[in-house]
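Before any questions on binding or motion, here is one chain by itself as C-alpha cells, the form predicted on its own.
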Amino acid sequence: MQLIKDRFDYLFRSTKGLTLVAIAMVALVTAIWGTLSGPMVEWGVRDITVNLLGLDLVQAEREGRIIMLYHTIAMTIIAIEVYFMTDMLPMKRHEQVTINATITVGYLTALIFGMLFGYFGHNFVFHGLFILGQSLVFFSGILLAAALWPWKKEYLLEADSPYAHTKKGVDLERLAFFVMVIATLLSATFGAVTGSYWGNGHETFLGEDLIRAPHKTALQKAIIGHLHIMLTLVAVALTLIVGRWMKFKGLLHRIAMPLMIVGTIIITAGALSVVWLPWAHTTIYVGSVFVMFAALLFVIFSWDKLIKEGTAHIEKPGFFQKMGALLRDPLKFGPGWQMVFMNFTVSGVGIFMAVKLDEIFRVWPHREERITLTGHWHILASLIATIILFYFADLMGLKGKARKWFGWLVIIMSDLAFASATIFSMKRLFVAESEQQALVNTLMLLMDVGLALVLIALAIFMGWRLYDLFRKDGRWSKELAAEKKTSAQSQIEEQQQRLKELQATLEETSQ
C-alpha cells in the first residue's frame, strides 16, 4: 500500500510527476486518435481503432468531435504550462498546491468526459462534466492570476537587479506572466460566451471552412477571434517559460519584457475586436511585431549564452568552436531554433498569405487555401509541443547520449515534417495540379516519417520514465524527496516571514 501511496504522491503532488501524467495523457490521445485520419485511413488502421474501441463516428458530427478533441488537448497543454509556472515563479506553497490541484482535476475531468461524449455516444452527463472540467481550469487561472500579482512587496526587485523592472521594483517578467494569464482568462470567457449560444443562433463549424464566406455572423467571428488568440497566448506563455529556464536577463531582457507586455495586450485586443472592427487583423499584426521581436531578443540572448558557456575555457574561440558550443546541448539550443524555424513555416507563410490573399490564394481552389490554413495552425501547435518537450526532458534530468539523441531527433525530424507540410500547403505556387502527384507522394512520406520518429522518440522516453516508476529506488523517489525538501523549506521561510510581520505589527501597536 505504501508503494502505491508514494507513487501517487509523486505523480500528483510533484511538478515532475504532474507534468509526466499530463504529457502521457496528450501522447495517449495523440497516438490513438491520430490513427483516425491521414494515411491511417488508407491503410485500414482507422477501421481497426474504430472497431476495437467501439467509437461512434457519425460523419455529420465530425466538426463537433474535432472541436472536442482540440479543446481537451489544449487544456492539457495549458495545465502543463501552469505546472511550469507554479514551479519556477516565486509564490506561496499553499498557492502552488491549490492551483496545481484545481487545474489537474479540471483538465482530467474535461479530457476524460469530453472524449467520452465526443467519441463514445452522446451522454449529456458526460458533456456536463466536460464543462465542469473547463470551469475548474478557468478557476485555476483566476487563482494563478492572484498568486502572480506583481505588486506584492515580497516580489519586488532590488534596484540593481539584472532582470527588467520598474523604478519601484516591479518585476516586469512577472508582470508579463500576469498580463498573459489575464488575457487568457478574457479570451476563454470570449469563447465560453459564444459557446453558450450553441443551438440558439450558433452552429458548429471549423474556422477554415468559412474563409470564403462573404458574410459571417458575430458569433462566427467571435470563434475566429478566440482561435487566433488562444494559441498565440499559449506560445507567449511558453516563450516566457523558456526565458525563465534560460535565465534571460540583462539589457535584452529589459527591452524584451515591455515589448512582450504591450504586444500581448495589443494582440488580445485585436483578436477580440474581430467581431466589431474590420481592421482588427491589422491590430493583431502590430501586436505580433512586438511579441516576435521580444522572442527574437530571447533567441539572441540564449544562443550567445550557450556560446559563451561552451567556449569559456578558450581564450579566442573560432567560428567552428562557437558553433560547436551552440550545438552542444540540443535541448537548450532547440527552443531558440524552433522559434527561428517558425518564421519560415508559420509566420512567413502567414504574412505572405495576407499580402497576396486576393492576388494568389483566392484564385486557387478553396481546398488549397483550406489546406494552407489548416497546416498553418497545426505546424504552430506542433512547434509549441516540441519546445515543451525540450524543457520537460531537461526538467526530468535527461543527460548524456540519450539527451543528445532525443534532442536532435525531435529537432531534425519535426522540422523535416513541418518543412514538408509547408511545401505541401504552398505547392500550387510552383507545380501544376496535373503534375503534382510525385511531389505530393514524397512530401506525405517525409511528413509521416518525421512525425512518426518524433512520436517514437517520445514513446521511448516515456517508456523509460514508466520503467523507472516501477523501480523501488528509481529516479522518481529521489525527485519526490527533493520536492518534499523544497516544500518544507518553503513552508519554513513563509512561517518565518509571517512571524516577522507579526512581530512588526506588535511593535507598532505597542508604540
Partner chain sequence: MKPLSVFVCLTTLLLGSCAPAPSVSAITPPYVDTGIDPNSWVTIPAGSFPYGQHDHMTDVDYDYEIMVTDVTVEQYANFLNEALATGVISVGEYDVEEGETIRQEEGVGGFHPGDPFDGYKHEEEIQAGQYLYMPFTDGLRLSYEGGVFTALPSYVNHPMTLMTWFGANAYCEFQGGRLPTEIEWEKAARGTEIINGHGLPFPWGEEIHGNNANYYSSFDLFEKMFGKLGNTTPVGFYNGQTYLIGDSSYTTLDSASPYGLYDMGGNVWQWMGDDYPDQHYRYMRGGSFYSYEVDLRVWKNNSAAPTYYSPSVGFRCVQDGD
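Numbering follows the first chain given and starts at 1. What you see is a predicted model, and the numbers here were worked out from it, not measured in a lab.
The form predicted in complex with the partner chain is left out here; the points below concern that form.
- Residues within 4.5 angstroms of the partner chain in the model of the complex, judged by any non-hydrogen atom, belong to 54 to 62 and to none of the other stretches in 54 to 62, 470 to 478, 455 to 463, 25 to 33.
- Note on the partner interface in the model of the complex: the residue among V262, L185, I412, I300 having a heavy atom within 4.5 angstroms of the partner chain is I412.
- Shown without its partner, this chain lists Q437, N123, N200, T282 as candidates; in the model of the complex, only Q437 has a non-hydrogen atom within 4.5 angstroms of the partner chain.
- Proximity of R367 to the partner chain in the model of the complex: non-hydrogen atoms within 4.5 Å are present.
- Interface membership of T486, defined by any non-hydrogen atom within 4.5 Å of the partner chain in the model of the complex, is ruled out.
- V193 falls outside the set of residues with a heavy atom inside 4.5 Å of the partner chain in the model of the complex.
- W405 belongs to the set of residues with a heavy atom inside 4.5 Å of the partner chain in the model of the complex.
- No residues of 111 to 136 lie near the partner chain in the model of the complex, the criterion being any heavy atom within 4.5 Å.
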